[in-house]
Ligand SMILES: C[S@@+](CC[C@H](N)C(=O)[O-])C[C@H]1O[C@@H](n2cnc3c(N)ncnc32)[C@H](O)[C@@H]1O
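Okay, here we've got a single chain as structure tokens, the form predicted alone, with questions on binding and movement later.
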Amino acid sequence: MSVATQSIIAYCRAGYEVDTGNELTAIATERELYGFPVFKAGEGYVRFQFHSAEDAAKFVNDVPVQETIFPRQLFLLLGEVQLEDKSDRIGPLLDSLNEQAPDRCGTLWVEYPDTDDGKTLAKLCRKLAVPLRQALRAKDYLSRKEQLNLPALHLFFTSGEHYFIGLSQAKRRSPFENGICRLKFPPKAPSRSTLKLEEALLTMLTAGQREAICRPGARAVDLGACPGGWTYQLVSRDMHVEAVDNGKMADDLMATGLVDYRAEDGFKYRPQMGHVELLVCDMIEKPDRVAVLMANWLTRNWATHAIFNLKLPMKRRYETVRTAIDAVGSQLASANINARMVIRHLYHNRDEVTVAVIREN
């Protein structure tokens, strides 16, 4: 076991290691916490090496994963184990924790990267979870019952012979194992894109915000709606939706009586009653162009809140997102609009990020 308490581990989608590393570098630098990312393309995680253990701990204690874009989960790296004897996977863990002497944890997550190679470890991780919990409770490293308000202990397997050991804080970590919010596809939804908006509503809004914004009878606009994957989520919450697109909407959605279909250009459309509670948009357009459109709707008070996707280029994805988001933030500030922005590369996204702009005044 090698001790590496000057590092953090960030899970991400395979292929987004560069973007995750760039973002972590930018966030750390803003806080005057200095270090550098270490990764291999396609591995599905980034190890960020700080110059001091204090900087690493401060980063994970100060930065909620929900306030980042590309990381799915963040934890402080306590150490790593390279197994010499695969017949004993528990002993080396207990030995390493004896060296670290961490506070009692409230839950254990045995995890793996979201890659083709990583998924082959799923069975092993499930098999190990129960005996690991029993061994940790016997040593009083883990509470007898799961307590999500306490730190979580992470074992992150990168192969059958190697795993990282880490610690995350309750209000800073993702609440999902592997940092993944898994959803079941609704059989009546017209496209799988519906899962993007469902994940956004469940993970980027608070329960109070969902209740206030997605209330029955509230009005929404869906730009680039067809065939209706995002409209489906709004209609299922009994919202009235102006669905704007030149394509065809699903017949089942039209039969609800809650959809007003408009075969118009999304960049020229204006809400029929002058204002809606929520604007959603998943158009395949350049991110800067979509960002300007969303900012216009918000600053002209055509919509109170907005949830939209920004399609990403092949390179400089983090920089592209930041440029677009900074433009939105600048326009909102000029209009004296106080809004909270959450930007996330969701599990059900591919080459796009989802942005939620929730007005607070």
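Predicted model, so just to flag it, every value in this text is computed and none were measured. Residue numbers run from 1 along the displayed sequence.
We do not show the form predicted together with the named molecule, though everything after this point is about it.
K.L.:
Given that the partner is absent here, state which listed stretch (282 to 290, 168 to 176, 155 to 163, 139 to 147) has heavy atoms within 4.5 Å of the named molecule in the model of the complex.
P.N.:
Selected range: 282 to 290.
K.L.:
Using the partner position in the model of the complex, report whether Gly224 sits within 4.5 Å of the named molecule, counting heavy atoms only.
P.N.:
Gly224: yes, in contact with the named molecule in the model of the complex.
K.L.:
Should Gly229 be counted as a contact of the named molecule in the model of the complex, where contact means heavy atoms within 4.5 Å?
P.N.:
Although the named molecule is absent here, Gly229 would touch it in the model of the complex, with heavy atoms inside 4.5 Å.
K.L.:
Within 4.5 Å, heavy atoms only: does Asp245 come near the named molecule in the model of the complex?
P.N.:
Yes, Asp245 sits close enough to the named molecule in the model of the complex that at least one of its heavy atoms falls within 4.5 Å.
K.L.:
When the contact criterion is heavy atoms within 4.5 Å, does Thr203 count as touching the named molecule in the model of the complex?
P.N.:
Result no; Thr203 lies far from the named molecule in the model of the complex.
K.L.:
Quick one: of Glu264, Asp260, Asp238, Asp85, which gets a non-hydrogen atom within 4.5 angstroms of the named molecule in the model of the complex?
P.N.:
Checking each option against the named molecule in the model of the complex, the one that comes within 4.5 Å is Glu264.
K.L.:
Using a 4.5 Å cut on heavy atoms, which of Gln209, Thr115, Ser191, Ser96 is close to the named molecule in the model of the complex?
P.N.:
In short, Ser191.
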